[in-house]
Structure formats: structure tokens, C-alpha cells
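A lone chain, given as C-alpha cells: the form predicted on its own.
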């Protein structure tokens, strides 16, 4: 479904600050798979998502989505088929527009372009039903400005916007890291439900090893722009945080430190 072949990105090439952000990355993700990505700071986690989404261009290599090469496709083209959430809850929504208007823009990605004059009644009913699933009471606040919502509410709304027209691929870049533990758990629950029901291929970057090992069906570990470990099946199920730290240290000559990749 998603294939990355020999992807390379170098920052500050030819200078004393040259760094290989992605170094000969080869990965394949099956349709409907949910993969978590971990690694220390600077390992290449966000760079990988930026390359897939089109925010960063590859120096060399290829990216294929559903058999179509998208390596040279611009970011706005990929945004129609790739959903993405960031760590910052303020990203992904228009704060001066209402909840209803934000959802209409997201819904228009797959149905029609832009906003019509007013929101169609049928769409309003659909939005209300979709919001009720979040369990945050937003279904009764369709006319509220998004800027008035809490961080957790905005992140849940952004998740709904990214999946209201199921994308071919969903990229989650530490999308619960800025939330309190209770809200983060709720957003993770909603994420799992949306992904499973729509069979969305998902890649989730996280710093939390425990979350990485217990979310989705496979885990990949990056270090210094390189893929150093892939965990799936029985090996992943039996892996503990402590063992993974040791395996990573041996494979990448690095260390995690505690249960967070800092």
C-alpha cells in the first residue's frame, strides 16, 4: 500500500553541520496496518512523516502510495489522500471559524471544494452525529469558534477532520504528547476506533515506548536516520520496555533512558 525505497534526506549538506536525516530507508506498509515509530531525538521520525506527506523532498529514493509514485507530487496534492495530526493541538484547525465550518472544509476534501452558502442541513446532522462519538459534548457546540476549545477538544476535532473522509494514509506525529494523561488516553481510544472502522493505514510517531509496543500491530525503530529494528508478531508481543532499550542500545549504539525516548 505504502512503499518507501532507498529514501535519503541530508540536512546542511556540504557543511560542518551536515546530518543524514534519512539514510537509505526502505519500508513497506500493508493496507490497514497500524505502525508505531520510535527513536531518540534526531532519529528521523518526523522527517519520515514529512517526506511521506510532501513537506520535505527526498534527495533520492522513491515513495509509492497505492501503486502510484508520489515522490514528486506536491504537498497539497498528497493532503487530499493523506491525513496528518501534529503534536501541537493548534495546528490543523482554523480558530476563527466554527466547529461546523471546520468540519465542512474537511468534508469538502472528498465531496466538493470549499464552503457552499451555508452548511447543508444533511451535513449538519452528519457532523453532529460524528462529533457525538468523541464524547466531549462538541455536538452541541457546532456554532462555537474552534479557538475557544481546549487543547484536547481541538486535537479530537482535528482527528475527526482528518478521518471524516477516510484518507488512504493517516500520519500521527506525537498527536497526544501535548495533552494531559486522561485526555491523551481518550484521544488514543478515539484514534483506534476510527482507524479500525475505516481500515486506515496508519503510521504513529511516539516518544513513549510503552504506547509504541501496545498500539497497532508493528513497531519500527529509527536511529540517526537509519532503520535499526522492526518488531511485529510474537517478537513484539513479548517485548518489554527494558528489553527494547537493551536491543536498541546494541543495534544503534545509543540509549533511550527511562521509558521515554528523549
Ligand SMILES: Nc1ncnc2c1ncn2[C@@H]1O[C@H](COP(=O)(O)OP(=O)(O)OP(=O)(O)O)[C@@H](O)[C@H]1O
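This is a predicted model, so every value here is computed, not measured. Numbering follows the first chain given and starts at 1.
Omitted from view is the form predicted in complex with the named molecule, to which the following refers.
- Site annotation in the predicted bound form: the residue of 203, 43, 213, 52 reaching within 4.5 Å of the named molecule with a heavy atom is 43.
- Residue in contact with the named molecule in the predicted bound form (any heavy atom within 4.5 Å), chosen from 123, 101, 139, 174: 174.
- Screening 232-240, 35-43, 213-221, 193-201 for residues having heavy atoms within 4.5 Å of the named molecule in the predicted bound form returns a single hit, 35-43.
- Taken together, the three residues 19, 47 and 56 all lie with some non-hydrogen atom within 4.5 angstroms of the named molecule in the predicted bound form.
- Contact annotation for residue 12: at least one heavy atom lies within 4.5 Å of the named molecule in the predicted bound form.
- Looking at residue 207, you'd find a heavy atom of it within 4.5 angstroms of the named molecule in the predicted bound form.
- Using a 4.5 angstroms threshold between heavy atoms, residue 183 stays clear of the named molecule in the predicted bound form.
- Contact between residue 87 and the named molecule in the predicted bound form is found at the 4.5 Å heavy atom cutoff.
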